[in-house]
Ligand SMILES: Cc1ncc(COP(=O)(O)O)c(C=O)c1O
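The chain below stands alone and is given in structure tokens; this is the form predicted alone.
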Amino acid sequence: MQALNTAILVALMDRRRVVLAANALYGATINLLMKILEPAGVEVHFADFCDIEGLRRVAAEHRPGVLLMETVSNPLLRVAPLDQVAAVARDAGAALIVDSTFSTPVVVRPLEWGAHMVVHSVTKYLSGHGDVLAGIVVSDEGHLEALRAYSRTTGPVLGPQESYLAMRGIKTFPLRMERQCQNACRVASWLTQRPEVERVYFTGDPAHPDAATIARLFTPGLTGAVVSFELKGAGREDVFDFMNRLKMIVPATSVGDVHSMMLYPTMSSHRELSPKHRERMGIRENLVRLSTGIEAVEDITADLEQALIIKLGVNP
């Protein structure tokens, strides 16, 4: 979050203090915009970045200094046409900042599609072992010196131990990411066949609303390692019961670890948003988010199956 805050403030140094953000973002990012930056005098607006013509109209109206998006939105996994968003940013004289934590450089490289700065939570896939708290900003040449000057002045730097652990994880990062993407694809396909599951959200789904964009922007054969799904007819207590019965998959407020992890957005990543705000974003009470690890995929699906079967009260 400090990396994201740094990127936004650096981009706004010589631009209008207006941020136009995607309407589907990580909950803490929304809080940063609305509870920290807006009270400090930054004007904040939201728009659907998947609707390029609508985005163009909103950008012309508000003349933003920054456009802010995620390559893959959290947690419903929408994918905006990054290169077309970059064109809107250029026309508006704005900087495009992309949180690419979910996709990582293995799947998408936003700078190559026109982004000015890219933010990663190194805590997630890049370090990959759940033992580092870190974030980074990757900049194009035009913003690099301003970013360095800001960092020297305000001091957001990693300690040597965190840097060492992050670089240790980088050594295996491409191999881990490829395996996790493969597992996610198979798990998503398996979930679509389960009667206990109402809907599956996955970027590798051929019926994904942004399938054409994904095919164009993503590395062939790699479509991410996060799968979100809704439990049929489940309320909050049903979701808790299901997650408590998992034996291998770890309930955790993160993604990108070597082991599979599950999160309940209503109570974690988007807990600070009002119920009405979550509803507008499409985050329902029965939604869970799964980050697939590097385990044997049969073990992941077996764990999900035993928890789903018990949830319905059906004998295996």
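The first residue of the shown sequence is 1; numbering continues from there. What you are looking at is a predicted structure, and each value in this text was computed from that prediction instead of being measured.
The form predicted in complex with this ligand is left out here; the points below concern that form.
**Student:** If we take heavy atoms and a 4.5 Å cut-off, which stretch out of 148 to 156, 233 to 241, 196 to 204, 94 to 102 is in contact with this ligand in the model of the complex?
**Tutor:** That would be 94 to 102.
**Student:** Quick one: is residue 26 in contact with this ligand in the model of the complex, heavy atoms, 4.5 Å cut-off?
**Tutor:** So residue 26 counts as contacting this ligand.
**Student:** Should residue 124 be classed as touching this ligand in the model of the complex when contacts are defined as heavy atoms within 4.5 Å?
**Tutor:** Looking in the model of the complex, residue contacts with this ligand include residue 124, since a heavy atom lies within 4.5 Å.
**Student:** Is it the case that residue 111, even though its partner is missing from this view, gets within 4.5 Å of this ligand in the model of the complex, heavy atoms only?
**Tutor:** No - in the model of the complex, heavy atoms of residue 111 and this ligand never come within 4.5 Å of each other.
**Student:** Taking this ligand as it sits in the model of the complex, is residue 134 in contact with it (heavy atom to heavy atom, 4.5 Å or less)?
**Tutor:** Close contact exists here: in the model of the complex, residue 134 approaches this ligand to within 4.5 Å, heavy atoms only.
**Student:** Just one of 223, 139, 228, 74 has a heavy atom within 4.5 angstroms of this ligand in the model of the complex, so which one?
**Tutor:** Among 223, 139, 228, 74, a heavy atom within 4.5 Å of this ligand in the model of the complex occurs only for 74.
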